[in-house]
Structures are given as C-alpha cells and as structure tokens.
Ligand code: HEM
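To begin, one chain is listed below as structure tokens, in the form predicted alone.
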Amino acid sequence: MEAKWETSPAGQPADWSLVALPDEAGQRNSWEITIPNGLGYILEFKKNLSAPVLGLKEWERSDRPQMVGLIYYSFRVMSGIGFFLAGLMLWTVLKWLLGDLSGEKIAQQKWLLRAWIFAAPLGYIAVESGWIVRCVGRQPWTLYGQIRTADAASHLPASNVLTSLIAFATIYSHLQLCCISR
C-alpha cells in the first residue's frame, strides 16, 4: 500500500510517500512527494521506528503483489474519502451545534448541502477501492505462505455461477417487491 521498495531500519526515521509513481520493473518509484519522518509518526507517533519496515525488495518477485501502483492509489482513494467524510461530519456537527441546521436556516447552508450531495457515492467508491487493495494486494497468496491464489481459484463452470447469480437476483428481487407492496 505504500510502494516502499527499500527497508527502513529500526531506530531511524522513515519518510512517508504522499504521492508516487511506482515502477515495478525498476523496483523503485519513478518520482514521489514524501513527508519527512511521516511513516514513523503514522505507525508509532514518533520520529524513529522501533522496528524495521520491510521494503518490497525483501521478498522474491514471485512472492510479492503485482500492480503496486493500483494498490497504492486505491489505498489513497479509500483513505482520502474516509478523511473527507470524517471532515464533512465534523463540519455538519459544528453547523448543528451553532443552530445553522434548523428548518429556517438550513437552506442558507448551500455549500454544506452540496458537499453532502457530492459525498453520496463516495462510500461506494471507498468500499470498492478497499476491495481492490484487499484482493490485488494479497496476491499471489490467498493465505500468506500457505496456498497460492491459483490453487485456491474455483473450477466451477461459468454456467453454474450464472445460474446461482440469476437465482439470487430473482429471490432478492421478489423479496424486495414483497416489502415494497406492503
């Protein structure tokens, strides 16, 4: 998730990459903007690390995730949305405490209302980004060091998967229609 290629030893500070362009072939980041000592503060709330942070180069290529850039940016999208939504909640609570969300005053809060409209799909995007981090980031292992993804993949024919998908969609659609009609 951090596109960290080199190991940061214990007892030393480690920079945190804010934005980078991971280069898997060169096993480095082509360019990056870092926050000095940021990784130590994120991990331990102090400048120097008490334990080493292993870089990607510590593992054989066959044992490390592929598509480092996708994992890196998916994590940042997910985290960025989380911080945005937390800030939006804080802004909303502040406005509520100030009495600006009453029936008479809420129409004056155009920027807050627009922010909530903008935020509507962000939870879904954050969830999907999290799944990308989770599923792509754990490759090539399903259970680290125990079973490779290729060995864990299902060998069901596509027709069986399609049949179960249609069955689930039909049942849930029927249940939804029953709930709506009541």
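Start at 1 and count along the sequence shown; that's the residue number. Values in this document were obtained by computation on a predicted structure and should not be read as measured data.
Just so it is clear, the following notes concern the form predicted in complex with the named molecule, a form of the same protein that is not shown.
For the named molecule in the predicted bound form, the listed stretch (121-129, 140-148, 32-40, 55-63) containing residues with heavy atoms inside 4.5 Å is 121-129. Contact annotation: residue 92 falls outside 4.5 Å of the named molecule in the predicted bound form, judged by heavy atom distances.
Taking the partner from elsewhere, residue 83 is found to have a heavy atom lying within 4.5 Å of the named molecule in the predicted bound form. Taking the partner from elsewhere, residue 68 is found to have every heavy atom lying beyond 4.5 Å of the named molecule in the predicted bound form. Although the partner is absent here, residue 47 lies well away from the named molecule in the predicted bound form, with no heavy atom inside 4.5 Å. Counting a residue when any of its non-hydrogen atoms is within 4.5 Å of the named molecule in the predicted bound form, the hits in 75-104 run 75, 78, 79, 82, 83.
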